[in-house]
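As structure tokens, one chain now follows by itself in the form predicted alone.
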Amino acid sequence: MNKHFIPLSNYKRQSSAKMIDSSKAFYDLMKQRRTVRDFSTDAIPAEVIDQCLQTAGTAPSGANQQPWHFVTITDSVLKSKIREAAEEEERAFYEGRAGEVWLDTLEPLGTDAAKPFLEQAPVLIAIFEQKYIIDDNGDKLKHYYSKESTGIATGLLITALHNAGLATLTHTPSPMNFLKTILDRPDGERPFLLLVVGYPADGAKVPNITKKSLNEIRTSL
């Protein structure tokens, strides 16, 4: 027996009926998830965030290298610095970098260069993709499929936060190198996404949009 393997002892096969019920219930939960831009300033229990991050850490990854790092930010000074840097990049985006076609696509969502939610929301989670790390011997250890792995972990994190009753916003100013500077992250890490987390503000509104149907996103062969 390969010493690197252990028995799969925690899997219990469910009946078809149970699987159908579970999948329907989970879809009913997740279809309520909406991206929110108006957040309450109410604090979130730190344990909730930690548990959701542990869920993200269960994600599969290339060679099990787990090439992600999460920085949780609640400090008002840091949040203010992040907002200032993000809005500088966003102004450049909306004032010329994006181009008319991209801006026309964004117009129904009501976005602009102002990002007050970066200070309003109680928690920001900066997600970093680890391209490599320096091991205990001072050698560079490359991570494989780091972007794909970090993306999967991020999806699990968003799902866990929604399941816990929180709202999120995926924020991706480009470029995002300011996050690495402000948060003093090592050379091997690259900013992947800034996740804004909190409770929706009273009276929060969201765009009137729909998702593609199953037939539009699935091909059966």
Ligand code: IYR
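Owing to the predicted nature of the structure, the values given are computational and were not obtained by experimental measurement. Don't overthink the numbering: it's just position in the shown sequence, from 1.
The protein also exists as the form predicted in complex with the ligand; that form is not presented, and the subsequent description refers to it.
- in the model of the complex, does each residue in the set Phe128, His143 and Ile152 place a non-hydrogen atom within 4.5 angstroms of the ligand? Answer is no for this spot.
- Query: Pick from 69-77, 128-136, 143-151, 100-108: which stretch has non-hydrogen atoms within 4.5 Å of the ligand in the model of the complex?
  - Reply: So the stretch in question is 100-108.
- Task: Could you spot which one of Thr172, Asn177, Gln51, Thr58 gets a heavy atom to within 4.5 Å of the ligand in the model of the complex?
- Result: If I apply the 4.5 Å criterion carefully, the residue I get is Thr172.
- Heavy atom within 4.5 Å of the ligand in the model of the complex - the one residue of Glu88, Asp112, Glu95, Glu119 that qualifies: Looking at the other structure, the residue within range turns out to be Asp112.
- Neighbours of the ligand in the model of the complex among 33-57 [non-hydrogen atom within 4.5 angstroms]: Counting only heavy atoms within 4.5 Å of the ligand in the model of the complex, the single contacting residue of 33-57 is Arg37.
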